[in-house]
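Before any questions on binding or motion, here is one chain by itself as structure tokens, the form predicted alone.
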Amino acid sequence: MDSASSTLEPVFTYVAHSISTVEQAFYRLPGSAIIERYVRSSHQNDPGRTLLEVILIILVIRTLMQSRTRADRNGKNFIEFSEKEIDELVDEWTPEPLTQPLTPAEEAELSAVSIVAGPNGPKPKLVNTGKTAYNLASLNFTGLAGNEHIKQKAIETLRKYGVGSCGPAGFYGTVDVHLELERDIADFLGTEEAILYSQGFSTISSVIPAFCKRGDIIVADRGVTLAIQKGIQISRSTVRWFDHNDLRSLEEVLQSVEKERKKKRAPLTRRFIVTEGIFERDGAMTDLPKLIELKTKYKYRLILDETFSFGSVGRTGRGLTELYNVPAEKVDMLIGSVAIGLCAGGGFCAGSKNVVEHQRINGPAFVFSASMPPLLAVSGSEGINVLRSSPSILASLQENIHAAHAILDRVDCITIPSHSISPIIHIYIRAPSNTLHPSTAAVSTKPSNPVSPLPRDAPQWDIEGEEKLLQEVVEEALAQGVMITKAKRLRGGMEISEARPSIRLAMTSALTKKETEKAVNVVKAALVKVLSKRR
């Protein structure tokens, strides 16, 4: 036994000396004391974690020691084909389609889409007939899309800047006209600052996750558009839903959130109300003063999407804040569309300086997307100048909207959920009198479950049947020289709830009142002709 110990003693001495040398070399490294404290604390709190980290370190060292570039020189893992075999394999290969093939109904709908010759304005020329048609399909509310002054300014900007740098705004994509448009929007709305996004759809879906994180609370309307739905999903926040455009339901949900927090003794967290000014799904309009009252009372931040109300509502197109005479600073994040409201491109978020600067480093669509072309920024600024100097444009738009409602409200076979001043008018098919309409069925008095995006006793619609009838109306109106469209939806569960099929009329001030009445009367006749077949 003594002889064995004496034989191994030099080995133990060498190992001890080596460990001592490594330890001394380790402690001479900068930051070694911090690493030592971390290892001691980690091992003391969780010894299993130390073992796991050692295993991972060994695997990393083993991976680094292996040669990744060493080729298999003998080629045992490869099959050598002749040129003839390669050609045969290529001929036999059939690529999978990128998308699902169109259904017969989709093919028929696509073939019925009209082709426009030349610019798409309020009265475009159709290729198949060679005649002009009244355009109630394009979102050209104030006629800025056909403004010659804006067109010339855009051409001048194109010649000066080109089409843009194709770089992100925070890197090398921003030029002076982008900053000028941000200042113009902030001054126009009466906010401290504004930030531009290059895509309208990604604006709200980027603003929401920039502020709302896991653990935060979002209280959202059940009828919000797809872009807001995506933003809420990306945020991974706790979501509570209130009934569509029902502020009494909103207050009940706000109260339930506070009761739940007190019951769980949870700490206060950031809380947001997310809704739209004018809803894309049905054209309904929110009561902004009541909304401000609730968000102030329950201490929430308000994210308001004015995509369809900015540039179309209010005396000069400033949106709901101008319509209701509410200071814009009372809305924490005010989102609008430069593409729709100003007929240019992109979107914006207006608010305080802190709100805007936070997005410049935390807004995904701002940080990672290329800036909009400078010509679109100039078009947006010129559009604001037109709205400032010509409030009669908004008066003409509202006159045309009222004229359309006066005609459509007398049609028995349809219902219109849109607000009387909304520039988009949705048309639903009224259910036959001999069937029980979902809205007239017995409705539970119990409130909806705020955790579910679906309301209690959600109505069920014959989506396929209504889509088919509405498409017939669209084609009949087009045959009579009026372009209208169905509201486009993503079916098959891609949205949190199935929106009811509808025809969406986009009113414009570029048509006179007489032309608007003529076009809407054509739509009325098409509705009566097609829907009367059901009886």
Partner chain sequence: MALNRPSSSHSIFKKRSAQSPASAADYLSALSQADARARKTSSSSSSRSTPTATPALSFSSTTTGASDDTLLEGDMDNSDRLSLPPVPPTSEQVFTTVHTEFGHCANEAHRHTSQHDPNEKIRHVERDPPYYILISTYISYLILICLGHVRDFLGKRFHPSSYKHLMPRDGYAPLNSDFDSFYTRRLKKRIDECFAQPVTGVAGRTILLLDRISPDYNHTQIPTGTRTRALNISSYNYLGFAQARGGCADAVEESIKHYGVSTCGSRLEGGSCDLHTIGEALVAKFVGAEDSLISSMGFATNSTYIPAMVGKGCLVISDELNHSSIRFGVRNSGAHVRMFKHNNMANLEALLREVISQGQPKSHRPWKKILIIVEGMYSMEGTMVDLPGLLKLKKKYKFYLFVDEAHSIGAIGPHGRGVADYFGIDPNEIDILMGTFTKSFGAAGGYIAGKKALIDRLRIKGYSGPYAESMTPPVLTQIIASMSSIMGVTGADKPSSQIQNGHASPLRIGNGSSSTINEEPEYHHPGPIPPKYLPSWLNLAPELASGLEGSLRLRRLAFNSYYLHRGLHKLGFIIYGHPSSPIVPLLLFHPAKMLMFHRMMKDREVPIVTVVVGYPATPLITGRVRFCVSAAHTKEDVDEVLRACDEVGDVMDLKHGLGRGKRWDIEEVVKRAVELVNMKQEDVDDA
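No experiment lies behind these values; they were computed from the predicted model shown. Rigid core (definition): largest C-alpha set, two forms, superposition within 1.5 Å. Positions refer to the first chain, counted from 1.
There is another form of the same protein, the form predicted together with its partner chain; it is not shown, and what comes next is about it.
Student: Tell me, which of T275, S379, T191, S448 has a heavy atom within 4.5 angstroms of its partner chain in the model of the complex?
Tutor: After the contact test, the surviving option is S379.
Student: Within 4.5 Å of its partner chain in the model of the complex, heavy atoms considered, which of I407, L247, L139, V326?
Tutor: Spelling it out, the residue with a heavy atom inside the cut-off is L139.
Student: Please identify, from 313-321, 457-465, 413-421, 340-348, the stretch that has a heavy atom within 4.5 Å of its partner chain in the model of the complex.
Tutor: That would be 340-348.
Student: Answer for A487 alone: is it within 4.5 Å of its partner chain in the model of the complex, judged on heavy atom distances?
Tutor: Output for A487 is yes: heavy atoms within 4.5 Å of its partner chain.
Student: With the partner left out here, check for me: in the model of the complex, does some heavy atom of T286 sit within 4.5 Å of its partner chain?
Tutor: Looking in the model of the complex, residue contacts with its partner chain do not include T286, since no heavy atom lies within 4.5 Å.
Student: Heavy atoms within 4.5 Å of its partner chain in the model of the complex: does S114 have any?
Tutor: Judged by the heavy-atom cut-off of 4.5 Å, S114 is in contact with its partner chain in the model of the complex.
Student: With heavy atoms only and a cut-off of 4.5 Å, decide whether E107 touches its partner chain in the model of the complex.
Tutor: Contact with its partner chain, yes.
Student: Though the partner is not shown here, which residues of 182-208 have a heavy atom within 4.5 Å of its partner chain in the model of the complex?
Tutor: Going through 182-208 in order - heavy atoms within 4.5 Å of its partner chain in the model of the complex - the hits are S198, Q199, G200, F201, S202, S205.
Student: Please determine whether the C-alpha atom of E83 is displaced by 2 Å or more between this form and the one not shown following superposition on the rigid core.
Tutor: Indeed, E83 is displaced by 2 Å or more.
Student: Using the rigid core as the reference frame, would you say A395 shifts its C-alpha by 2 Å or more between this form and the one not shown?
Tutor: No.
Student: Would you say I292 moves between this form and the one not shown, meaning its CA shifts by 2 Å or more once the core is fitted?
Tutor: No: I292 shifts by under 2 Å between this form and the one not shown.
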